[in-house]
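The chain below stands alone and is given as C-alpha cells, in the form predicted alone.
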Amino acid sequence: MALKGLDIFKLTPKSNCKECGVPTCMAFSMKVAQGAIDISKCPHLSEDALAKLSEATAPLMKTLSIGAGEAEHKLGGETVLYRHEKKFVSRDLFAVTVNAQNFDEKWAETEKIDYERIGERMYVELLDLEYTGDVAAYAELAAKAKGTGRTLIIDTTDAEAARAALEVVAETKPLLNGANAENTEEFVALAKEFKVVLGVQGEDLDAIYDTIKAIEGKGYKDLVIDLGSASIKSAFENAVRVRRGALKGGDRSLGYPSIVNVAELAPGDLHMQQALASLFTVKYGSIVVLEQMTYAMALPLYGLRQNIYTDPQKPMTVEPGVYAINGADENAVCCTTVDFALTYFVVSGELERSGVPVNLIISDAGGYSVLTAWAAGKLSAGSISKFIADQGIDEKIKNHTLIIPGKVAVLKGELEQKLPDWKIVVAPNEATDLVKFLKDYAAA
C-alpha cells in the first residue's frame, strides 16, 4: 500500500532546506504522496530511506517498455481508475493480428492507416503474430513482420514456435504473449533469455493470478496480463478487477498492463470489434488487438484515444509564436487565432490548403476556443497587440496586414486603434471558408 504524507515526512531530514523546490519537508511529503513530485528530488535522504520510499511510492501499476528505437512504446504506470481524477499515463496501443497465410494482404491494408491528427501520428502500432501450427512458417512470418518496423507480439503458447520467432526478432523487443500454468518454466526461461516482456494467460482471473505469483517467484516481473477471450463479459470484468485490485487493493501482483484480443471476442464482426476497442480504450486495455483496421474504424478510435489520454485539467495547446505557412516570409500577410490545439490544426490545415503564404500568429489564449477565449478576456485587442509588440513582430514582418477570426469581428475597431500601422481584415466565420477567402484576397 502506498505511504501517506505523514509516513513519508517521518523519513525526511525535516530541515526545510527548500532544495527540492518545495517550501517545507511536510509540503514535499504531501506532494510525493499525491504523485506530484518524485521522492528523488530530496537531496538529503539517506540511502536506506530513499530505497524504502522509492519502492513504497512507486506507482502500483508497473511501467514497462516494449519495442525498440522509434518503435518503442510505454505501457502501464497508471495511478487512477478514472480520468477525471488525474491524467492517464500510457495511452493504449492498437494491434492487428496477422498469420503466415494472410500477412501480405493484411499488412498492405494496415500500412495505409497512417495520418496526423492534432500533431499526433495515428497508425497501427503493433502486429500480433498468430501461430497456425507450422514453426518454420512462424519464424518466416516473424522475419516479414520485423521488416515493417512495427512492434511485434509473439502470440503463441508453443515454446518451440516462440523461440523460433524470438531468435529472428529479439532485438526489436517484442511482447511474448503465451505464458500459462502449463508452460511457465519454459516461457519464463525464454523471457529471461531474450529480455522481453511476458504476457500471462489463463482460463480465468484466478488461474492468471496464480501463474503471475509463480512467475514472480522465479524472479521475473516484466509482465502483461492477458484479459482472456472466454466472453466479452469476463474480459471486461477482468479488466476492471485487475485495475481496481492494483490501484485500490494495493496488490502489486495485479499491477501490470493488460492486453485484450477483441478479434477473438468477436471473430469476423468488425463493427463489434470497433465497439469493444472503444470500450477497452476507456476501461482499461493497454493493448487492444483487432482483426484488421480500416479508416472507418481508425478515425473514431484514434479520436477517442486522443481525448481520453489528455490531461483533463489542462487544455490541449500549441506553443505561442509565429508559424510560417506555405513558405511565408516577411512579405506575407498575417493571420491570428487562439492556441487551442484543435483550432490551430484546423485553421493551419485550411491555410495550407489555400496555397497562399501566411504568417500564422498564435498568442496565449488559455487553451480556449475563439469565442470562449474572447468571452473570458483571453483573446482581445489588448492581448493580440501586446503579443505582437512583445514578439517584435512589427520589425520581423514587413506586411502589416492582420486577418482576424470572423467570430470576433468586434475586435476590428479596437485593434485598428492599438495597431495603427496595421490593416485589420476580418476573415469568414468558418475555417472551411478560408481557402476561397485567401485565394480571392491574394488575387485582389
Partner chain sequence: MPLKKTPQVFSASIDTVTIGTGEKAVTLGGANVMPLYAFDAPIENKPALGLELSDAGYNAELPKLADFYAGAETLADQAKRAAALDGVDFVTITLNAADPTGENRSIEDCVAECKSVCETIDLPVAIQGCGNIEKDEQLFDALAEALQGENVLLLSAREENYKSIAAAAGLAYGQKLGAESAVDINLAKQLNVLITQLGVQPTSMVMNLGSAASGYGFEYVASTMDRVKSAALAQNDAMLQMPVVTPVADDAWSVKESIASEEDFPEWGPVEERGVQMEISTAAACLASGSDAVILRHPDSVATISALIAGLM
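Residue numbers count along the first chain shown, from 1. As the structure is a computational prediction, the values presented were derived from the model and not from experiment. C-alpha atoms forming the largest set that superposes within 1.5 Å between two forms make up the rigid core.
Quick note: we don't show the form predicted together with the partner chain, though the next part is all about it.
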Has each of S65, K218 and Y256 got a heavy atom lying within 4.5 angstroms of the partner chain in the predicted bound form? no
Even though the partner chain is not shown here, does H73 get within 4.5 Å of it in the predicted bound form, heavy atoms only?
no
Are any of the heavy atoms in G149 no more than 4.5 Å from a heavy atom of the partner chain in the predicted bound form? no
request  = Report whether the minimum heavy atom distance between E264 and the partner chain in the predicted bound form is within 4.5 Å.
outcome  = no
### Task
Report whether the minimum heavy atom distance between Q201 and the partner chain in the predicted bound form is within 4.5 Å.
no
For the partner chain in the predicted bound form, the stretch among 184-192, 90-98, 123-131, 235-243 with residues bearing a heavy atom within 4.5 Å is 235-243
None of V197, L205, V318, C334 but one has a heavy atom within 4.5 Å of the partner chain in the predicted bound form; the exception is L205
Note: exactly one of A159, A137, A275, L371 sits with a heavy atom within 4.5 Å of the partner chain in the predicted bound form, namely A275
Near the partner chain in the predicted bound form, with a heavy atom at 4.5 Å or closer, the residues from 78-98 are Y82, R83, H84
Worksheet item: Taking the rigid core as reference, does V318 move its C-alpha 2 Å or further between this form and the one not shown?
Response: yes
After core superposition, I'd like to know whether S354 moves between this form and the one not shown (criterion: C-alpha shift of 2 angstroms or more). yes
Would S369 count as moving between this form and the one not shown, using a Cα shift of 2 angstroms or more after superposing the core as the test?
yes
Checking the C-alpha spacing of Y295 and V318, a student should find that in the predicted bound form it changes by 3 angstroms or more, with the atoms closer
Taking the shown form as reference, the Cα pair R121 and R353 shifts by 3 Å or more in the predicted bound form and sits farther
